[in-house]
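Coming up is one lone chain in structure tokens, specifically the form predicted on its own.
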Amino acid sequence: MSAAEPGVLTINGGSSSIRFALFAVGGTLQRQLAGKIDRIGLKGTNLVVSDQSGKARATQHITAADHGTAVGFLLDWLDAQPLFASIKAVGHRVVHGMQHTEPERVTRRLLKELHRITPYDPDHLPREIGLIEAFLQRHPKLPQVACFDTSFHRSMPAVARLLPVPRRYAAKGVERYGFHGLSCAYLIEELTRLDPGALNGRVILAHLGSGASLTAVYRGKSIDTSMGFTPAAGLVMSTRSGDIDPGLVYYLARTENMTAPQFQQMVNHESGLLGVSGMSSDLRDLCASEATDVRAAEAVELFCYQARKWIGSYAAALGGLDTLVFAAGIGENSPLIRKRICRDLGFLGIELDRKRNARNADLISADVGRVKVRVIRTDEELMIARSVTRLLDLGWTGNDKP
């Protein structure tokens, strides 16, 4: 990155990590470096930095008892980097955006609104707001942009947004929002580049990682998605329960005196694959143990079964299916899970090519299959950078070098 080229910094704050990336904007978006602080609040907190090629350049152990300490360390580290002088804007992933349909420049008014809606997402919003405010305090003249994970799904029809609870709650914003929107937006842009005709068809996006969701897309617009009012809804995930009987709340309150905060902790951090298996939240561990551990085998089968069921339901919502896209850590890297999910979906026109699937090819469907099945590596950081450069008109022409 030359001094004449503007740079964009992206920040993606999670519950126990902060990911960042720095892109040069010179007609193209070129990733100069990327990194993360992980295991915040736990032993073994590290700053790991990668270069343009994705190769780890440095690892530094840090003491970060909480997010505030980690953010302060990250700001000090960034300020010491020569490349930081070229930064013209910072883009933040903000998980919940309520009714926002586009990225927005951060203002006092927007921050006030984000503080107001923190009850809608108490696990993510306070930390994301803290990151934005820390950057504002350190660099008050540096433009910041909020990129909302819910924006992609604001195109959902009313019937898909409705929750079947008393109408008075809808007026308070209680509805299905959907998440993983930055990933979905990126996947649609990449799918359009790979297969321009696919945008006019019926697409299911399977974002399968620690957090997992499926989204039905018709003519480029989200019409339904498995996550709902919170990211805990939908299919089973690493530690999140996915959809469960709401009567369980009353049952556990009555039989175990479980409080609302305890239930929130359970369904978000103690359930899912971890809860079912009793051993791990990582599908790689569970697949390695399923031959000897029935609970691990059941957890793997539950994940694949639910994903297969959601694909079937969204094919019905779309009135058919033309393209299925696998993305995120599991979707991109596990031929076994993709194979099991697609098993018995031949009636929809889904047929995998064994060799293509085994090597994680871009197109893994068999030539005889009517539905194109693709593997696309998602990139939320690049999507944030694209959004920032578009909004602030920093000169991006639409070509990227991830």
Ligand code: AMP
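The structure displayed is predicted, hence computed values, not measured ones. Just count from 1 along the sequence shown to find any residue number.
FYI, the form predicted together with the named molecule isn't displayed, but the following is about it.
Participant: For the chain seen here without its partner, which of 309 to 317, 208 to 216, 153 to 161, 100 to 108 has a heavy atom within 4.5 Å of the named molecule in the predicted bound form?
Facilitator: Going through the listed ranges, the match is 208 to 216.
Participant: So in the predicted bound form, is the named molecule close enough to residue 50 to count as touching (4.5 Å, heavy atoms)?
Facilitator: Contact check for residue 50: no, nothing within 4.5 Å of the named molecule in the predicted bound form.
Participant: I'd like to know if residue 290 sits close to the named molecule in the predicted bound form, meaning any non-hydrogen atom pair within 4.5 angstroms.
Facilitator: No, residue 290 stays farther than 4.5 Å from the named molecule in the predicted bound form.
Participant: Within a 4.5 Å heavy atom cut-off, is residue 334 in contact with the named molecule in the predicted bound form?
Facilitator: It does: once the named molecule is placed as it appears in the predicted bound form, residue 334 has a heavy atom within 4.5 Å of it.
Participant: Residue 283 versus the named molecule, in the predicted bound form: is there a non-hydrogen atom within 4.5 Å?
Facilitator: The answer is yes: residue 283 has a heavy atom within 4.5 Å of the named molecule.
Participant: Would you mind picking the one in 143, 275, 329, 126 that has a heavy atom within 4.5 Å of the named molecule in the predicted bound form?
Facilitator: Contact residue from the list: 329.
Participant: Exactly one of 222, 230, 238, 86 has a non-hydrogen atom within 4.5 Å of the named molecule in the predicted bound form; which residue is it?
Facilitator: Checked against the cut-off, the match is 238.
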